[in-house]
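The chain below stands alone and is given in structure tokens; this is the form predicted on its own.
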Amino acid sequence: MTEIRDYVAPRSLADALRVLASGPATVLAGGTDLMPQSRAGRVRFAPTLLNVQGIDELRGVARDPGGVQIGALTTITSLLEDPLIRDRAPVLRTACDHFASSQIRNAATLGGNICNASPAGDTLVPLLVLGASVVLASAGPEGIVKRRLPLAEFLVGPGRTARRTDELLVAVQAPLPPAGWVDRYLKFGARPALDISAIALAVGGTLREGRLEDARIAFGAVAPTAIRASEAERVLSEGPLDRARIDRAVEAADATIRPISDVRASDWYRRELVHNLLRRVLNDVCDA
């Protein structure tokens, strides 16, 4: 472990960004991923430890012109209890309900779960289905500079993101689903919540006259990052949601995923889970 020489706990975003602009720093939010990984030797601390927990402006869920904005320090418990998320983005609420234990949900933050960039990250799959983007901030010569990046582009590999060292993830934005939207989320593991998923999947779309329009499918733990299954989505969007179309969508999804074998499941077993659980979810939507 690299020796930590400086500990900084700013109270404003501007102060935090000035710290990041001055040199390498490890960002600490809830710490539910960072601390276990550091003890296991998978994370090396930078000389500066930047604790962002005191930046209140990075918390909360709010409507914005594009839909909903969620502060990066919003806890999983807060998402689980938020009425806007419950009513308009239930797929995210369901994922939060399957997130670890209540003690961890009270500390873990949405921004931390995203920046950890685990292929099995619990919130990543529903956020992909919702079409979410991340908002990154850095210190510029005339103040705070922000850029927005689709979540699918932000995730670049296991534990790796497109965040620059001088940037902080400050928010997540997503359009609110339209009328007629249906979604489903499934996580498969040894236990419903207190386990890293062997696979996770989410499906969303607007159900109109037997068709699933703007169909979206996302998977976790079956590729180097959480992914959208674009070819399977195309198949679903082409015609009525019937059994034959569901079978074709499952075949298309199988061609998209790249599972590995590890202590939680073999690559073969993960493929079988994708086949069976995706078919189950789509049949459930078809019967809705």
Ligand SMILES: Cc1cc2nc3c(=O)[nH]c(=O)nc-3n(C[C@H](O)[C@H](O)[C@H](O)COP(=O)(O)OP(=O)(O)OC[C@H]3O[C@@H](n4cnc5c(N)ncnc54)[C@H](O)[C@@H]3O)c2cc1C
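For every residue, the number given is its place in the sequence shown, counted from 1. Since this is a predicted model, take the numbers as computed values, not measurements.
Although it is not shown, the form predicted in complex with the ligand is what the next lines describe.
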Under a 4.5 angstroms heavy atom criterion, identify the one residue in A218, V91, L168, L151 near the ligand in the predicted complex. L168
By the heavy atom within 4.5 Å rule, which residue out of L130, A72, L212, A198 makes contact with the ligand in the predicted complex? A72
Just one stretch in 79-87, 175-183, 108-116, 139-147 has heavy atoms within 4.5 Å of the ligand in the predicted complex, so which one is it? 108-116
Please check if P224 has a heavy atom lying within 4.5 Å of any heavy atom of the ligand in the predicted complex. no
Applying a 4.5 Å heavy atom distance criterion, does G67 contact the ligand in the predicted complex? no
In the predicted complex, does G205 come within 4.5 Å of the ligand, counting heavy atoms only? no
Looking in the predicted complex, any heavy atom of G121 within 4.5 Å of the ligand? yes
Suppose contact means any heavy atom within 4.5 Å; which members of 84-100 contact the ligand in the predicted complex? H98, F99, A100
